[in-house]
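Two forms of the same protein chain are encoded below as structure tokens; each is given separately, as structure 1 and structure 2.
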Structure 1
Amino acid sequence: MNKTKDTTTEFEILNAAKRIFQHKGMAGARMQEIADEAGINKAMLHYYYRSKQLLFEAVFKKAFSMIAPQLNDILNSDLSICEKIRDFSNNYISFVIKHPYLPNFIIQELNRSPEFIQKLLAEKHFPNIEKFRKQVDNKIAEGIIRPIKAEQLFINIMALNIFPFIGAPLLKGLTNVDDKTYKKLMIERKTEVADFIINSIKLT
């Protein structure tokens, strides 16, 4: 088997596994149906991934790595706090509009297996808020923003950006809007969320 075919086969396996895991989660997925979805036999699947757990971790890490480095780069950039909030909201929402399955997939599996977060923490581009924390503390000391824990500010940013996607079915029902209108609302949130958070912390 040549290298090109190896790469192509693994790509097909990961895509097939992603589709199955999205619909059935880790517990409900079966290796045989993943093999069928990828168009290979089960022995070939086991050649690439010896267990469902290893395959799931590969799919999960690939999904997480699609967004984590972008967010980490923003948090550790030299941008101002307000610019970071705007870039974070814009990048995250733009990304999830293109990959709407990701938030639910990641949160569902982290809740199922909280210990898995320890493996993610070892990843090179796992978001780190240390620089952001110091920046927030400095701006509070300078009288630029109101006193707030950096952790609370970061949670606010995450919550306001993530929940509209994981709670989409409920929110569509409560607001009585269709998919097209809801997507427009999400696009508007690229600036709405940032403006709301920035106005909540600014002193001047």
Structure 2
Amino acid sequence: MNKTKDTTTEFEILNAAKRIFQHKGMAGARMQEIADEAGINKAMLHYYYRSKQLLFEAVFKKAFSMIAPQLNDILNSDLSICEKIRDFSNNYISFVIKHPYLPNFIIQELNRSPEFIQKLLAEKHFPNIEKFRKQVDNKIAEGIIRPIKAEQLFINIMALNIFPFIGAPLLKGLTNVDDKTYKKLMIERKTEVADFIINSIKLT
């Protein structure tokens, strides 16, 4: 009853909304612009999603669900720390090159309404640092990596991978490189970031 053409509209709305919201944020996005982007009447947005807020939340949750599994990889997989770092840096950077507005969108809207993270935390597969902390503490005890708080290491991994995309306009300006060269730098970072981290923590 809703698997043929019907779903198309609902899906197109979500996609159009994704593009507009990710570019302009909740406050900057206009319902009319989303409707135009989807090529449909504005009333349809309300027909399928009731309000701007609910449409936004649908977009946000979808965006977050694309990132969360990657965070789970580093927090909950059974690989060694170094393998995790290499895998994550490689996968995440490849992913974001394809979806350049995603991280900024998520970070930005979480800053605008930090209470939103509580809704996400409540969901079942929300990534959690506990396993990673134990792993790091063990490896430190074994003398394999330098002493460092698991939280700090995790923050460093996130920072080195995520920030170059969020801060791209600023970094492009400061390093004085054009878009093409900057993209090359990002591709280099797929391995560069992991090397940088591992050089810092590895003892052997």
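Here, a residue number simply tells you its place in the sequence of structure 1, counted from 1. Basically, rigid core = biggest C-alpha set you can superpose within 1.5 Å across the two forms. As the structure is a prediction and not an experimental result, all values here were calculated from the model.
- Both panels show the same chain in isolation, but it is structure 2 that comes from the form predicted in complex with another copy of the chain.
- Core-aligned CA deviation for I74 between structures 1 and 2: 2 Å or greater.
- V59: CA moves less than 2 Å between structures 1 and 2 after rigid-core fitting.
- Core-superposed comparison between structures 1 and 2: the C-alpha position of E123 differs by no less than 2 Å.
- The two forms, fitted on their core, place the C-alpha of G28 2.8 Å apart, compared between structures 1 and 2.
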